[in-house]
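The chain below stands alone, shown as C-alpha cells; this is the form predicted on its own.
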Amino acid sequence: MTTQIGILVIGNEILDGIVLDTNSQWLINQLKALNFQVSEKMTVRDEIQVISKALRRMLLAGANLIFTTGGLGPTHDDKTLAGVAMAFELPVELNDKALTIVTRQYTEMHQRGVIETGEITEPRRKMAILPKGARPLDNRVGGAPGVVLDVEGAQIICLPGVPGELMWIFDNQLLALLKGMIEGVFAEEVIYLPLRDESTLAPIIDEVMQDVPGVYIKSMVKPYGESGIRLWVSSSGQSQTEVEERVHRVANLLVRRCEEQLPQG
C-alpha cells in the first residue's frame, strides 16, 4: 500500500503569527530524503474539536500516515492528544511507559539545575496521559514523550512543537520505523540558474522532463534580494545509482540549455 502522508501543525501561536513554523519544513525535508512525499499540510488552532475534525478530514482524503506537531506539553492549551482521542472515539489513560519517561526527564533536569523541582505535578503527569492503545516515543531533550497510535488502518505520530525535541525523536525513535516503510530510493539536487525571467524557463523544463522521464523539476521561491532562479531536481526509483545519475544528468542538461538562452558577447 502506498504511503500517503499528512502533516497537521497545531498551535495558536503559529496562526497568530507569533511563531514561525519551521517544524513542518524540516519534517518534509527528512521525509523527502527517505523517498516519501507529503500529500497535505494543515495548520489548526489549539482546540480539541478542531484538531479532531482536521484528523478525520485527512483520513477521509486518504492519508494513512499523519504527523502532528505541537500541543503535547503540560499547559492547559496543549490539547493535541485530547483531539486525537476525540477523532477516534478513544478514552485517555495514564500510560506507565510515558510516565517513566516524564519522571526520568524531570528528575534529570532537576539534577542539572535546569528546574527547581523534579516533582511530578498534575501538569507534568498530564503528558503521560495518552489515548488508549497509543505508545510513547522517548524524548531525551524535553519532558513530553512523542506518541504513536495505530488506528483505522492509519498511523498517527504526535511530536512536540519544540524543534530540538521533535528532531531528536524523529532521528532517534522514528527513523527505524520509517525506513521499514520505504518504497524504492530517492535523490535530489538544487541548481542555480542566472536567469531573470522565469517564463523563459518553463519551456526548457517541459523539454527536459520529456527528454528524461521520471524526474521532477520545481522552481523554488527566491529569498529576498536574490537574483536568478533556483531549481529543485528530484527523482525516485529502485536503484540509488540510477536515480542519482538521472538527477545529475538533468541538472547538467538544464544548466546547458539555460546557458544557450543567455546573451552572447
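Everything quoted here is computed from the prediction, not taken from an experiment. One-based numbering along the sequence shown.
This next part talks about the form predicted in complex with a further copy of the same chain, which is not shown.
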Original post:
Is a further copy of the same chain close enough to 132, 147 and 149 in the predicted bound form that each of the three has a heavy atom within 4.5 Å of it?
Top reply: no
Original post:
According to a 4.5 angstroms non-hydrogen atom cut-off, is residue 22 in contact with a further copy of the same chain in the predicted bound form?
Top reply: yes
Subject >> Interface membership of residue 213, a further copy of the same chain in the predicted bound form, 4.5 Å heavy atom rule >> reply: no
Subject >> Contact flag, residue 29 vs a further copy of the same chain in the predicted bound form, heavy atom cut 4.5 Å >> reply: yes
**OP:** Answer yes if any heavy atom of residue 16 is within 4.5 Å of a heavy atom of a further copy of the same chain in the predicted bound form; otherwise answer no.
**Re:** yes
Original post:
Can you name the residues of 24 to 42 that have a non-hydrogen atom within 4.5 angstroms of a further copy of the same chain in the predicted bound form?
Top reply: 25, 28, 29, 32, 37, 38, 39, 40, 41, 42
